[in-house]
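This document starts with one chain, in the form predicted on its own, laid out as structure tokens.
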Amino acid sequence: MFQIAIIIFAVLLFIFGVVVFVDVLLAKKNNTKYHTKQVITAFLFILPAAIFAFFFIALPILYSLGYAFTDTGLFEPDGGKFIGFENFKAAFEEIKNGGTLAIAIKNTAIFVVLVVPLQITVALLLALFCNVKYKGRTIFKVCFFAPVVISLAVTSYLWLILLDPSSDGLMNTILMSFGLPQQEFLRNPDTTMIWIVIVSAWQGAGYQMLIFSSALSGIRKDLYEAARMDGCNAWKRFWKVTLPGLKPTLLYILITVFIGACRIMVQPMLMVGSYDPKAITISYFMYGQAYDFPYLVGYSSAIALLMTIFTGTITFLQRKLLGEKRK
């Protein structure tokens, strides 16, 4: 495995050198003012990032792509043999028979459908709230953004304590103080995914809030003045001025939140755990197949490839349907 990685890296390094060389030759051929030393220096500055991206991003993707067509196991990464599309057939067979993978797809779909609009809406509302000029709005921005800098593991355990099903849990203590019955939030199959959606939206909305805030500050003020002169109230100004001005930003946030939602794993793993069917997701299922029994790295890689193709297709359609039309 290490030898293959070195060979691939050497090939890419050679291609990188050829690109630099051709770039210099073309510039000289076209009599372009070209500072060779400065350009080579720039490429050398890029090289460390390229090396890092190769070993920690590109190489794992290449290996995963190769493993998808083998029966490789966790403890025998070099001992797997080529089996063609058998892993993909097994995945579709499990989906057809309503196995764990089918449940994981259903849970992931529910999570995506719920969290994407909720997180984007909350982020936009927070951005609009912080965009109004008043004293102390910086404090609110910091408070709204604070959950983003907290790791998902810490956030999950924090909410696990808050949602403790016993009478000592904070949420149950509040409910019982109002005479309401004690709830088993994460143990109830009907509410488990809803609470995971709430936690995820709460944790991630602050990041999108900052992006929306930056986009709001870029909308021309004279457009709002013109809308006021035309008699538009606040609601109409939002629909006629704010939303059109946020369209490129909204598309970017929609794509990034969608991709992140499809990859959810940490929250159900830590808040529910034990490979529980009521909260298992596709990423959690892939993790379990590769690192828990039965250590099927090839099968897990095949599912990862299918998920990548699906996510990429939906992202492409989002850009085509919602992106700016080129004239």
Partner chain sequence: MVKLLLKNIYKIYPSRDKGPSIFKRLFSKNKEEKPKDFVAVKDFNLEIEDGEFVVFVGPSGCGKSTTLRMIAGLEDISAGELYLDGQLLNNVDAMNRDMAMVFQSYALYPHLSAYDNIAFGLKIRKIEEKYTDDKGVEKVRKRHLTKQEIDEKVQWAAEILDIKQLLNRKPSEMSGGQCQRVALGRAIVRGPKVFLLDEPLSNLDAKLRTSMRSEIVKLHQRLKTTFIYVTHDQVEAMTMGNKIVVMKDGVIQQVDKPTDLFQYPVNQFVAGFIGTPQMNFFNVTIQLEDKKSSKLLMTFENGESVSLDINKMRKIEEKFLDGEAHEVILGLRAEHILLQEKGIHLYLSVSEILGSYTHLFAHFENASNDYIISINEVSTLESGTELTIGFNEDKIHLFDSESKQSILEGKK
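Numbering follows the first chain given and starts at 1. Keep in mind the model is a prediction, meaning the values are calculated, not measured.
Below, we turn to the form predicted in complex with its partner chain, even though it does not appear here.
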Original post:
Heavy atoms within 4.5 Å of its partner chain in the predicted bound form: does K81 have any?
Top reply: no
Original post:
Contact between P244 and its partner chain in the predicted bound form at 4.5 Å, heavy atoms?
Top reply: yes
Original post:
Does any heavy atom of R220 come within 4.5 Å of a heavy atom of its partner chain in the predicted bound form?
Top reply: yes
**OP:** Decide whether L128 counts as a contact residue for its partner chain in the predicted bound form under a heavy atom distance cut-off of 4.5 Å.
**Re:** no
**OP:** Could you check which residue among P181, G136, G98, G231 gets a heavy atom within 4.5 Å of its partner chain in the predicted bound form?
**Re:** G231
**OP:** Tell me, out of L163, A215, A91, A227, which residue has a non-hydrogen atom within 4.5 angstroms of its partner chain in the predicted bound form.
**Re:** A227
Original post:
Where does its partner chain sit in the predicted bound form: which of 232-240, 113-121, 184-192, 100-108, heavy atoms within 4.5 Å?
Top reply: 232-240
